[in-house]
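Here we start with a single chain on its own, the form predicted on its own, put down as structure tokens.
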């Protein structure tokens, strides 16, 4: 009788899991397999035909200066976005993790950009940073400060895109940190105050160590998001000026759908996937090592 009940539970579970597996297979697994196979061809979208070229796409990609430049741009953006966004989210989470309507108001206000379409956010900031009629330059001019060609000058465009990425997403990670902070026992906080610890000491020696797993999650997700940046490069700068904001994903899109070089773009996508996987594995190893200690 017990075996029959277990069998019925297994069948019942399969009924629920099969649709999810089918969706994952159709929209994730098969496209990944297809991408891998296309990376060994010179497939063209217009002709819908491609010959097998083996590792030619992989061998030639690093001689593509635009591709290597896009990798460097992406890595530099990630090296700035990940620590700045993580620290900003953590500090504001600590600041607004309190009772009261005003703190609820701030939590909601900071979170709203993260649930807004990235395309809408990028278009909004493109208008705000417009050198001719943008609100930001108007404010700078009214304050007697020098204006800037935010999206068309080489240094400013790079940092403008980074700013918009952080502004869009940090509120989401702030909420994750608030969830982690609320799991810390109030008794521990009270004990640190009794021992005479100030707010900074409590943050450094109590809060951060107890949020290691949450910090690891935030760093991993932020890293993947930073490496996969596309929308701001496409919407705000079109990769310019002179490739300053050409992220790898934007370059892959242009390679595949503008130049119609699907095979080459597929090979570059596989390299990007492996890069993300390696970085995430290293981060998890470092995080798990800290936890073991």
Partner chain sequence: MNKSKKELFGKIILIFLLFLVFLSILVPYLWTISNAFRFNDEIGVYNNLGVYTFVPKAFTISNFRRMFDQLNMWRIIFNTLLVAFSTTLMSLFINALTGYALGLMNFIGKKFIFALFISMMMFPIEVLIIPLYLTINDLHLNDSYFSLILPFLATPFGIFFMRQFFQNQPKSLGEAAKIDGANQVQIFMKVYLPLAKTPLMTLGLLTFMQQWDSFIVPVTFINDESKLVLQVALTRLSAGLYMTDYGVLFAGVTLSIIPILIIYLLTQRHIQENIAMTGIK
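Keep in mind that this is a model prediction, so the values were computed, not measured. Each form is matched to the other, and the largest set of C-alpha atoms that superpose within 1.5 Å is called the rigid core. Positions refer to the first chain, counted from 1.
What comes next is about the form predicted in complex with its partner chain, which is not displayed.
Heavy atoms within 4.5 Å of its partner chain in the predicted bound form belong, among the stretches 76-84, 150-158, 116-124, 200-208, to residues of 116-124. When contacts are judged by a 4.5 Å heavy atom cut-off, residue 228 counts as touching its partner chain in the predicted bound form. Looking at residue 53, you'd find every heavy atom of it more than 4.5 angstroms from its partner chain in the predicted bound form. Contact annotation for residue 186: none of its heavy atoms lies within 4.5 Å of its partner chain in the predicted bound form. The shortest heavy atom separation between residue 34 and its partner chain in the predicted bound form is within 4.5 Å. Shown here without its partner chain, the chain has 95, 96, 98, 102, 103, 104, 105, 106, 107, 108, 109, 110, 111, 112, 113, 114, 115, 116, 117, 118, 119, 120 in 93-121 lying with a heavy atom within 4.5 Å of that partner in the predicted bound form. When two forms of a protein are overlaid on their rigid core, residues whose CA moves 2 Å or more are considered shifted, and residue 259 is not one of them between the shown form and the other one.
Relative to the superposed core, residue 242 undergoes a Cα shift smaller than 2 Å between the shown form and the other one. When the rigid core is held fixed, the Cα atom of residue 274 travels less than 2 angstroms between the shown form and the other one.
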